[in-house]
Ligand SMILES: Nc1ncnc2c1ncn2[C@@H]1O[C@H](COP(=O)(O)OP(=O)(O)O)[C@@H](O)[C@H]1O
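Single chain ahead, written as C-alpha coordinates, the form predicted on its own.
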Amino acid sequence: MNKIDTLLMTNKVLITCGTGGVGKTTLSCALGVRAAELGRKTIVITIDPAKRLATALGLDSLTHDATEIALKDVPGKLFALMPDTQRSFEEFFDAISPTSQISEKIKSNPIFQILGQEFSGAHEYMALQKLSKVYNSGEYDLIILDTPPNRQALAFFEAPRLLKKFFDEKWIRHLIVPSSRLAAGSIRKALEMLEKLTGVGFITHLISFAASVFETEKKFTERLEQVIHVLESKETGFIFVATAKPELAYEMNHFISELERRGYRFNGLIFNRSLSKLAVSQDLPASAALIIQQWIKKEELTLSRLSSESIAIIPECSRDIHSIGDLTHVARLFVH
(Lines give C-alpha, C1' and ligand atoms only; values in the text may rest on other atoms or scores of the structure.)
Protein backbone atom coordinates (compact mmCIF):
# COMPACT_ATOMS: atom_id res chain seq x y z
CA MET A 1 0.00 0.00 0.00
CA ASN A 2 1.41 3.42 -0.97
CA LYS A 3 1.88 6.25 1.57
CA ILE A 4 -1.27 8.18 0.60
CA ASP A 5 -3.52 5.12 0.79
CA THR A 6 -2.03 4.26 4.17
CA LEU A 7 -2.86 7.74 5.50
CA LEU A 8 -6.40 7.57 4.10
CA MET A 9 -6.98 4.19 5.75
CA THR A 10 -5.39 4.90 9.15
CA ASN A 11 -6.50 8.48 9.91
CA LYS A 12 -9.95 9.63 10.92
CA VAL A 13 -9.16 13.30 10.12
CA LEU A 14 -6.83 14.70 7.46
CA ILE A 15 -6.21 18.45 7.37
CA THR A 16 -4.70 19.90 4.20
CA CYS A 17 -2.62 23.08 4.51
CA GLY A 18 -0.65 25.22 2.09
CA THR A 19 -0.13 28.61 0.49
CA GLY A 20 -2.73 30.04 -1.87
CA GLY A 21 -2.82 28.86 -5.47
CA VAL A 22 -1.08 25.49 -5.00
CA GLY A 23 -4.13 23.33 -5.76
CA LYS A 24 -4.81 22.42 -2.13
CA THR A 25 -8.60 22.40 -2.49
CA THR A 26 -8.45 20.26 -5.62
CA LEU A 27 -6.16 17.75 -3.90
CA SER A 28 -8.48 17.69 -0.86
CA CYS A 29 -11.31 16.64 -3.20
CA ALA A 30 -9.10 14.10 -4.95
CA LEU A 31 -8.08 12.62 -1.58
CA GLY A 32 -11.79 12.28 -0.79
CA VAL A 33 -12.41 10.46 -4.08
CA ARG A 34 -9.46 8.14 -3.44
CA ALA A 35 -10.70 7.39 0.08
CA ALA A 36 -14.13 6.46 -1.35
CA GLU A 37 -12.39 4.18 -3.85
CA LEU A 38 -10.76 2.47 -0.85
CA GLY A 39 -14.22 1.90 0.67
CA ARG A 40 -14.29 4.72 3.23
CA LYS A 41 -17.29 6.92 3.92
CA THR A 42 -15.64 10.32 3.55
CA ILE A 43 -16.63 13.95 3.92
CA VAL A 44 -14.67 16.99 2.70
CA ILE A 45 -15.17 20.26 4.63
CA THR A 46 -13.95 23.49 3.09
CA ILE A 47 -13.66 27.01 4.42
CA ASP A 48 -12.10 28.30 1.22
CA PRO A 49 -13.78 31.68 0.52
CA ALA A 50 -13.12 31.26 -3.22
CA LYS A 51 -15.50 28.25 -3.23
CA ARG A 52 -13.16 26.16 -5.38
CA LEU A 53 -14.37 22.93 -3.77
CA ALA A 54 -17.81 23.22 -5.38
CA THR A 55 -16.16 24.00 -8.72
CA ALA A 56 -13.85 21.00 -8.48
CA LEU A 57 -16.82 18.76 -7.67
CA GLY A 58 -18.72 20.08 -10.67
CA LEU A 59 -21.35 21.77 -8.46
CA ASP A 60 -22.76 25.29 -8.53
CA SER A 61 -22.44 25.62 -4.75
CA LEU A 62 -22.10 23.78 -1.45
CA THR A 63 -24.30 24.18 1.61
CA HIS A 64 -23.97 24.03 5.37
CA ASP A 65 -25.31 20.47 5.33
CA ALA A 66 -23.52 17.50 3.82
CA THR A 67 -24.16 16.89 0.12
CA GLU A 68 -23.47 13.41 -1.27
CA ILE A 69 -21.30 13.40 -4.37
CA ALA A 70 -22.31 10.79 -6.91
CA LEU A 71 -19.44 8.38 -7.63
CA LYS A 72 -19.66 5.36 -9.90
CA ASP A 73 -18.43 1.86 -9.10
CA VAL A 74 -16.72 2.63 -5.78
CA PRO A 75 -17.29 0.77 -2.50
CA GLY A 76 -17.26 3.95 -0.35
CA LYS A 77 -19.16 7.24 -0.35
CA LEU A 78 -18.15 10.89 -0.66
CA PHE A 79 -19.85 13.92 0.90
CA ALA A 80 -18.93 17.62 0.99
CA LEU A 81 -20.04 20.79 2.80
CA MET A 82 -19.07 24.42 3.38
CA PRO A 83 -20.13 25.72 6.82
CA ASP A 84 -22.34 28.81 6.95
CA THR A 85 -20.82 31.01 9.67
CA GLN A 86 -24.06 32.62 10.84
CA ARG A 87 -25.92 29.34 11.02
CA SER A 88 -22.96 27.69 12.75
CA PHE A 89 -22.96 30.45 15.39
CA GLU A 90 -26.68 29.99 15.99
CA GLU A 91 -26.40 26.21 16.28
CA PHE A 92 -23.39 26.58 18.57
CA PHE A 93 -25.11 28.86 21.10
CA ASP A 94 -28.35 26.87 20.91
CA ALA A 95 -26.36 23.80 21.93
CA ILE A 96 -24.35 25.34 24.80
CA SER A 97 -26.90 27.72 26.36
CA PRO A 98 -28.46 26.52 29.66
CA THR A 99 -31.89 27.74 28.52
CA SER A 100 -33.53 28.79 25.26
CA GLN A 101 -34.04 32.27 26.76
CA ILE A 102 -30.28 32.76 27.17
CA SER A 103 -29.70 31.50 23.64
CA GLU A 104 -32.23 33.95 22.20
CA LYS A 105 -30.75 36.78 24.28
CA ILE A 106 -27.30 36.09 22.80
CA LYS A 107 -28.56 35.74 19.22
CA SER A 108 -30.67 38.89 19.35
CA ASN A 109 -27.75 41.03 20.55
CA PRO A 110 -26.22 43.25 17.80
CA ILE A 111 -22.75 42.11 18.90
CA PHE A 112 -23.69 38.58 17.88
CA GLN A 113 -24.46 39.79 14.37
CA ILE A 114 -21.08 41.57 14.20
CA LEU A 115 -19.23 38.45 15.31
CA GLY A 116 -21.05 36.27 12.80
CA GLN A 117 -20.54 38.53 9.82
CA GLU A 118 -17.45 40.68 10.32
CA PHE A 119 -15.28 39.34 13.13
CA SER A 120 -11.91 38.10 11.82
CA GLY A 121 -11.52 34.36 12.35
CA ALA A 122 -15.19 33.68 13.13
CA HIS A 123 -15.69 31.81 9.87
CA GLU A 124 -12.62 29.64 10.48
CA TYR A 125 -13.44 28.94 14.12
CA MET A 126 -16.99 27.89 13.29
CA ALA A 127 -15.54 25.53 10.68
CA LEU A 128 -13.48 23.95 13.47
CA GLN A 129 -16.67 23.58 15.49
CA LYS A 130 -18.28 21.92 12.48
CA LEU A 131 -15.27 19.61 12.21
CA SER A 132 -15.60 18.69 15.88
CA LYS A 133 -19.34 18.08 15.52
CA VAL A 134 -18.88 15.84 12.47
CA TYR A 135 -16.01 14.02 14.20
CA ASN A 136 -18.05 13.33 17.33
CA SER A 137 -21.07 12.16 15.32
CA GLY A 138 -19.15 9.08 14.23
CA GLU A 139 -20.98 9.11 10.88
CA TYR A 140 -17.86 9.14 8.73
CA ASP A 141 -14.76 6.98 8.43
CA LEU A 142 -12.67 9.93 7.26
CA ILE A 143 -13.02 13.73 7.47
CA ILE A 144 -10.86 15.92 5.20
CA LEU A 145 -10.63 19.59 6.19
CA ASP A 146 -9.49 22.04 3.51
CA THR A 147 -7.99 25.05 5.30
CA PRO A 148 -7.32 28.66 4.24
CA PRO A 149 -3.86 29.67 2.90
CA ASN A 150 -1.19 28.95 5.52
CA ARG A 151 -0.50 32.52 6.72
CA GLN A 152 -4.06 32.58 8.06
CA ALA A 153 -4.02 28.90 9.01
CA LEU A 154 -1.59 29.29 11.91
CA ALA A 155 -3.91 31.84 13.53
CA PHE A 156 -6.79 29.59 12.54
CA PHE A 157 -5.43 26.64 14.52
CA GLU A 158 -4.63 28.89 17.48
CA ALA A 159 -8.22 30.18 17.67
CA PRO A 160 -9.52 27.59 20.20
CA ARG A 161 -6.78 28.39 22.72
CA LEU A 162 -7.23 32.14 22.28
CA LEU A 163 -10.98 31.90 22.80
CA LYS A 164 -10.42 29.76 25.86
CA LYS A 165 -8.44 32.64 27.40
CA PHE A 166 -11.50 34.89 27.08
CA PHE A 167 -12.95 33.50 30.30
CA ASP A 168 -9.65 33.96 32.14
CA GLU A 169 -9.32 37.68 31.41
CA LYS A 170 -9.54 39.49 34.77
CA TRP A 171 -10.94 42.75 33.41
CA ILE A 172 -13.84 40.89 31.81
CA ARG A 173 -14.57 39.03 35.03
CA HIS A 174 -14.47 42.28 37.00
CA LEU A 175 -16.94 43.74 34.56
CA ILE A 176 -19.34 40.80 34.46
CA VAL A 177 -18.81 39.32 37.94
CA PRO A 178 -17.30 42.22 39.93
CA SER A 179 -15.39 41.44 43.09
CA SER A 180 -16.53 44.73 44.55
CA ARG A 181 -18.98 47.53 43.79
CA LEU A 182 -16.09 49.99 43.66
CA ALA A 183 -14.29 48.00 40.94
CA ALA A 184 -17.47 47.54 38.95
CA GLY A 185 -18.34 51.21 39.24
CA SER A 186 -14.89 52.34 38.08
CA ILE A 187 -14.94 50.05 35.04
CA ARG A 188 -18.47 51.05 34.06
CA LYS A 189 -17.62 54.76 34.36
CA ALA A 190 -14.68 54.27 32.02
CA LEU A 191 -16.91 52.40 29.59
CA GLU A 192 -19.55 55.12 29.71
CA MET A 193 -16.89 57.60 28.61
CA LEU A 194 -15.84 55.21 25.85
CA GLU A 195 -19.44 54.84 24.71
CA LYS A 196 -19.59 58.54 23.97
CA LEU A 197 -16.91 57.90 21.37
CA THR A 198 -18.17 54.57 20.00
CA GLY A 199 -21.86 55.45 19.85
CA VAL A 200 -24.76 55.11 22.24
CA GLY A 201 -25.65 51.51 22.96
CA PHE A 202 -22.48 49.76 21.78
CA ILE A 203 -20.90 49.31 25.22
CA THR A 204 -24.28 48.35 26.71
CA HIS A 205 -24.71 45.67 24.05
CA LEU A 206 -21.14 44.49 24.59
CA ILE A 207 -21.61 44.11 28.35
CA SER A 208 -24.94 42.35 27.86
CA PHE A 209 -23.44 39.98 25.29
CA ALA A 210 -20.41 39.16 27.46
CA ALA A 211 -22.65 38.54 30.49
CA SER A 212 -24.84 36.16 28.49
CA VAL A 213 -21.83 34.31 27.09
CA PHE A 214 -20.44 33.87 30.61
CA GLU A 215 -23.61 31.96 31.48
CA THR A 216 -22.51 29.38 28.90
CA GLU A 217 -18.93 29.26 30.19
CA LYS A 218 -18.86 25.59 31.21
CA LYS A 219 -20.21 24.20 27.96
CA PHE A 220 -18.37 26.81 25.89
CA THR A 221 -15.09 25.64 27.43
CA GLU A 222 -16.06 22.00 26.90
CA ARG A 223 -16.62 22.66 23.18
CA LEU A 224 -13.27 24.41 22.93
CA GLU A 225 -11.60 21.44 24.60
CA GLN A 226 -13.29 19.12 22.10
CA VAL A 227 -11.88 21.09 19.17
CA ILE A 228 -8.38 21.05 20.69
CA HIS A 229 -8.74 17.31 21.31
CA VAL A 230 -9.58 16.65 17.65
CA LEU A 231 -6.61 18.71 16.40
CA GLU A 232 -4.18 16.97 18.77
CA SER A 233 -5.64 13.48 18.35
CA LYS A 234 -3.49 10.61 17.08
CA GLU A 235 -6.31 10.01 14.59
CA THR A 236 -5.70 13.44 13.02
CA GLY A 237 -2.98 14.06 10.45
CA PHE A 238 -1.81 17.21 8.66
CA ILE A 239 -0.68 17.30 5.01
CA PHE A 240 1.11 20.26 3.47
CA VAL A 241 0.63 20.98 -0.25
CA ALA A 242 3.45 22.78 -2.09
CA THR A 243 4.55 23.71 -5.63
CA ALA A 244 7.77 24.89 -7.25
CA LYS A 245 8.28 28.10 -5.25
CA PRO A 246 11.80 28.02 -3.78
CA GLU A 247 11.37 31.54 -2.37
CA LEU A 248 8.57 30.23 -0.12
CA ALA A 249 10.50 27.23 1.23
CA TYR A 250 11.41 29.01 4.48
CA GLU A 251 7.75 29.91 5.05
CA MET A 252 6.71 26.31 4.37
CA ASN A 253 9.33 24.95 6.79
CA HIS A 254 8.26 27.46 9.45
CA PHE A 255 4.64 26.42 9.09
CA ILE A 256 5.47 22.71 9.39
CA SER A 257 7.64 23.31 12.48
CA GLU A 258 4.87 25.39 14.06
CA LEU A 259 2.39 22.55 13.51
CA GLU A 260 4.69 20.13 15.30
CA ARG A 261 5.43 22.64 18.08
CA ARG A 262 1.70 22.87 18.77
CA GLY A 263 1.54 19.10 19.16
CA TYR A 264 -0.14 18.37 15.82
CA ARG A 265 0.83 15.27 13.83
CA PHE A 266 2.43 16.18 10.52
CA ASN A 267 1.98 13.37 7.97
CA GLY A 268 3.97 14.70 5.05
CA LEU A 269 4.21 16.88 1.98
CA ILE A 270 2.40 16.55 -1.36
CA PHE A 271 4.29 18.25 -4.19
CA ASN A 272 1.73 19.38 -6.76
CA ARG A 273 1.85 20.52 -10.41
CA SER A 274 5.17 18.85 -11.08
CA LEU A 275 6.71 18.61 -14.55
CA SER A 276 9.54 16.28 -13.49
CA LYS A 277 7.55 13.13 -14.23
CA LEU A 278 6.32 14.21 -17.64
CA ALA A 279 8.03 12.87 -20.73
CA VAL A 280 9.35 15.76 -22.82
CA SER A 281 8.69 15.20 -26.50
CA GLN A 282 11.58 15.72 -28.90
CA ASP A 283 9.15 17.51 -31.20
CA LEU A 284 8.75 20.39 -28.75
CA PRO A 285 10.13 23.77 -29.82
CA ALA A 286 13.44 24.58 -28.16
CA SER A 287 11.87 27.52 -26.27
CA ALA A 288 9.19 25.25 -24.75
CA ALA A 289 11.75 22.62 -23.76
CA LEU A 290 13.84 25.34 -22.08
CA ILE A 291 10.84 26.57 -20.05
CA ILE A 292 10.15 23.00 -18.86
CA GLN A 293 13.80 22.48 -17.91
CA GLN A 294 13.83 25.75 -15.95
CA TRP A 295 10.62 24.76 -14.13
CA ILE A 296 12.08 21.35 -13.23
CA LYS A 297 15.15 23.12 -11.80
CA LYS A 298 12.80 25.26 -9.65
CA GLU A 299 11.15 22.06 -8.41
CA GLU A 300 14.49 20.52 -7.52
CA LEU A 301 15.60 23.69 -5.75
CA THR A 302 12.32 23.89 -3.80
CA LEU A 303 12.52 20.24 -2.72
CA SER A 304 16.16 20.68 -1.66
CA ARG A 305 15.16 23.58 0.62
CA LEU A 306 12.21 21.82 2.26
CA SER A 307 12.68 20.09 5.59
CA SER A 308 10.15 17.36 4.72
CA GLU A 309 10.29 14.74 1.97
CA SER A 310 7.29 14.42 -0.32
CA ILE A 311 4.87 11.53 0.16
CA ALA A 312 3.41 12.09 -3.32
CA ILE A 313 4.35 14.05 -6.43
CA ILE A 314 1.40 15.02 -8.61
CA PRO A 315 2.13 16.07 -12.21
CA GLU A 316 0.69 19.20 -13.80
CA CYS A 317 -2.67 18.52 -15.44
CA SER A 318 -3.42 19.71 -18.95
CA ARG A 319 -6.56 21.58 -17.84
CA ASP A 320 -8.38 22.87 -14.75
CA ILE A 321 -10.29 20.37 -12.62
CA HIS A 322 -14.05 20.84 -13.04
CA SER A 323 -15.68 17.43 -12.73
CA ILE A 324 -15.73 14.14 -10.84
CA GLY A 325 -14.02 12.54 -13.84
CA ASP A 326 -11.15 15.03 -13.54
CA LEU A 327 -10.90 14.40 -9.79
CA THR A 328 -10.88 10.63 -10.33
CA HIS A 329 -7.94 11.09 -12.68
CA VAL A 330 -6.05 13.09 -10.03
CA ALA A 331 -6.98 10.53 -7.35
CA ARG A 332 -5.38 7.77 -9.42
CA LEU A 333 -2.16 9.81 -9.58
CA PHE A 334 -1.74 9.25 -5.82
CA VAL A 335 -1.33 5.55 -6.55
CA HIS A 336 1.38 5.86 -9.23
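Treat the numbers as computed from the prediction; the structure is a model and nothing was measured. One rule holds for the numbers: they count along the sequence shown, beginning at 1.
Below, we refer to the form predicted together with this ligand, which is not included among the displayed structures.
Stretch-level contact check against this ligand in the model of the complex with heavy atoms at 4.5 Å: of 30-38, 290-298, 64-72, 268-276, the positive one is 268-276. Contact between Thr25 and this ligand in the model of the complex is found at the 4.5 Å heavy atom cutoff. Using a 4.5 angstroms threshold between heavy atoms, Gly21 counts as touching this ligand in the model of the complex. Contact between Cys317 and this ligand in the model of the complex is found at the 4.5 Å heavy atom cutoff.
Residue contact with this ligand in the model of the complex: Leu14 places no heavy atom within 4.5 Å of it.
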